[in-house]
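Heads up, the chain below is alone and in the form predicted on its own; it's given as structure tokens.
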Amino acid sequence: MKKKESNSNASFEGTVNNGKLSMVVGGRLDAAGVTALWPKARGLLETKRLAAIELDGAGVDYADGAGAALLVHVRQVARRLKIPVEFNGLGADIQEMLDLYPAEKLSEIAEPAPKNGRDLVEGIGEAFCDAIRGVKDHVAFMGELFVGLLQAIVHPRGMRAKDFFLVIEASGPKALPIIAMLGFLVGLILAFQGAVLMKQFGAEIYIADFVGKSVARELGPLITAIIVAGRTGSAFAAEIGTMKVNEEIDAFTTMGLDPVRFLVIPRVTAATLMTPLLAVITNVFGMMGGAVVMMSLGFPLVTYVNRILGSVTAADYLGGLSKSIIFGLLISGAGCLCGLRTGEGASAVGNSATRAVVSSIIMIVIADGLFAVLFYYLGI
């Protein structure tokens, strides 16, 4: 068996005869040359039942780190197969470079474990451990955040007012257009879907009750929380993550400043205060969407308003607002935590923003389920 490969930078010829692999390498063993030769050499090294390896490097004009890596790889394959290997004709400079990688030390590097049926079990175990560590980090961060919020309440001057009002503007007024549009569309869709069912029983008047209670108790806070998670939570993760990548967080710590106090507390406080206000806007526009449908069915506006006032109680409004406060706290906390846990690399900030949105939505759904059970037993 014989293989030969050559280009303008490097040349390679390999033969296998009676179990002995003979390779002749020449030219420039730089990154370009080795890239072309490595697959050929590796294919010969994988030949079954090799008894010995011999490499002739008398024709090598130049070798850098890539060339040394090729020679080291040949030597490591021989050691793994427990067969003799011999390098002939290498220049003194190349031999000195090769001596920088002692075989006895490189042999300590473990080979990748072969895949077997336990990989699935190990993967499940690792995922479970990662989930437990994530929950632990969230609980510890929430405790630290709670302490910081108490300190901010006791000593409000310690919080950076400039950051607080900037976050208020970004997460509140700038979110009004999309919040109003989605609230109106949700109310419109609910009313139309309710009309399809209630028209069968001649009970179109109860569309107002359906829309009012659904929006005030459930959909208003939920839609608001999802929008806040997509806008504000991801923004928090991206901002703090960028600071982490640029080592600005480390600079805070070096100067003796607490990143949670100076970065997290203003953002969490502002987002927690603005979320219930946005939920109120969602409720108002959602009920306006229902009013449009009711008027299109021939009911006067005053009838719709009276049904809303008679069916939706203060407990419905307060229950929805209490949900939105908790949602805002969870979303802002998750965004800041993911930002502080940002790793290194070009994609680290994007990954943090993605994790912030996903974890926020998961916590919103879990918290909403707990609220549903609590309200049921309280009779609200």
Partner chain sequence: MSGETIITVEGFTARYGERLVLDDLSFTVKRGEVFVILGGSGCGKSTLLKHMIGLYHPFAGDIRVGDASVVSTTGAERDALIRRFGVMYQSGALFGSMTLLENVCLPLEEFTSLNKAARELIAKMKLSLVGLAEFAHLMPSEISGGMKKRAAIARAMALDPEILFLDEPSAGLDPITAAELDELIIQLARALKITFVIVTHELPSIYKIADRVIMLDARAKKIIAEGDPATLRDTHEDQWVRDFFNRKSQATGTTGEDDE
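Note that this is a predicted model, so its numbers are computed, not measured. Positions refer to the first chain, counted from 1.
Keep in mind that the form predicted in complex with its partner chain is not shown, yet the notes after this line are about it.
- With a 4.5 Å cutoff on heavy atoms, His138 does not count as touching its partner chain in the predicted complex; it lies far away.
- Although the partner is absent here, Phe299 lies well away from its partner chain in the predicted complex, with no heavy atom inside 4.5 Å.
- In the predicted complex, none of the heavy atoms of Arg231 sits within 4.5 Å of a heavy atom of its partner chain.
- Looking at Arg79, you'd find every heavy atom of it more than 4.5 angstroms from its partner chain in the predicted complex.
- Between the options Gln193, Asn88, Asn306, Asn246, the residue in contact with its partner chain in the predicted complex by a heavy atom within 4.5 angstroms is Asn246.
- Though its partner chain is absent from this view, in the predicted complex it lies within 4.5 Å of a heavy atom of just one residue from Ala131, Ala251, Leu100, Val121, which is Ala251.
- Considering its partner chain in the predicted complex, the lone stretch of 195 to 203, 90 to 98, 260 to 268, 288 to 296 in range is 260 to 268 [heavy atom distance within 4.5 Å].
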